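To begin, one chain is listed below as structure tokens, in the form predicted on its own.
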């Protein structure tokens, strides 16, 4: 959806006006022609379950949507309303809509609220359909939307908000498109090509390493996981280096383009969802894109290790001992614990760059989904200040993180009799033992692991978004990077 922020649009040219109102605060829409009369005629109160559409002159239709109590207003709740708006506009074939959102969310100011709402509104009609050959809505043109934000800033600021929201939304869409692509298309080679396309558009550096270079770098974890595959692995490095940068942040992403589990094969049910196992890698590409588009004065190095994980006669197997890039040895007890193997090499590579912070993104463990479901990503870090910054960043943009322990007490779970460690600690505390495995390859004063297994994609359509990749990682990281500049 194409979104423009405008405080004073010409509503006579709008097909459909959507007005979001809190319970008992319908007076917030008094300045918009026709809305007051609509509220009175419909006896609209603003309850969270209310949605009323009436015919009007200009615009042709007015829909009132309730947000519930204002003091309970959240970004996630607003997102549900924006998604409902997009579905209604598409169903009714409205080419031009306007959305009135007269409130400030939480502790944000009017400009921050407008940017967040504009970003989410632009993504609200997202649908991945390049492989659907007969489309029901072929006559439906792209929806053009005007966001009428809360008062508090001028037209110059509105234009800045437009470009910033668009940069973030485009970064999110890169992640969603990459994640939703089928595994036979979004191969490690394709991830490398997509990263190069983004780098070329932005004018930044991208290096894609093939098998020979990976072998020279002695990335034993990445090479081991790749042994069962006909597809070559890729190790990808994106470098955004603005001149004014005072901090360096390395972003590391898990790029398993399809995960069968390898020799320790997964059950067949829902295995098709394992195409989403590269959403951590996609998050790196999308975040670097958004940060560069925003011109953030923070140096970023995006690092992606990519392969698929398949069984074959040459596949790595339980009982193998692998020497990682760092020189540490790993006993393989479960080939389905492959993400941490490729991340171990990528995190060691990142540590050698001596960045100020390292963030890694991975659809790493089912255990994290068991713990948190799809409502929050797991956050693991030994650094309290970093944890607080990331949690606050997530809350500010509606991308929740929940801190889980990475205490050394759990190290016993990955202790091996035959190597420095084993690659799985078993069922209990699985998300934590995986984080502790990653920690063994990190040498950085400030590191955090984000387990996005539950948030990277929606198994089913929900109140906030369509089924498929969600773009997890981009918004929270941009908010975190911006917090470093304050």
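Everything quoted here is computed from the prediction, not taken from an experiment. Positions refer to the first chain, counted from 1.
In what follows, reference is made to the form predicted together with a small molecule, a form of this protein that is not presented.
- In summary, among the residues 391, 158, 84, 274, the only one with a non-hydrogen atom within 4.5 Å of the small molecule in the model of the complex is 274.
- This chain lacks the partner; the member of 365, 187, 181, 124 within 4.5 angstroms of the small molecule in the model of the complex by a non-hydrogen atom is 365.
- Each of 259, 266 and 340 is positioned with at least one heavy atom within 4.5 Å of the small molecule in the model of the complex.
- In plain terms, the part of the chain that comes close to the small molecule in the model of the complex, with a heavy atom within 4.5 Å, is 328 to 336 out of 297 to 305, 188 to 196, 353 to 361, 328 to 336.
- Not displayed here, the small molecule is approached by residue 254 to within 4.5 Å at the level of heavy atoms in the model of the complex.
- Taking the partner from elsewhere, residue 457 is found to have a heavy atom lying within 4.5 Å of the small molecule in the model of the complex.
- Under a 4.5 angstroms non-hydrogen atom cutoff, the small molecule in the model of the complex has residue 424 among its neighbouring residues.
- In the model of the complex, the small molecule lies within 4.5 Å of some heavy atom of residue 453.
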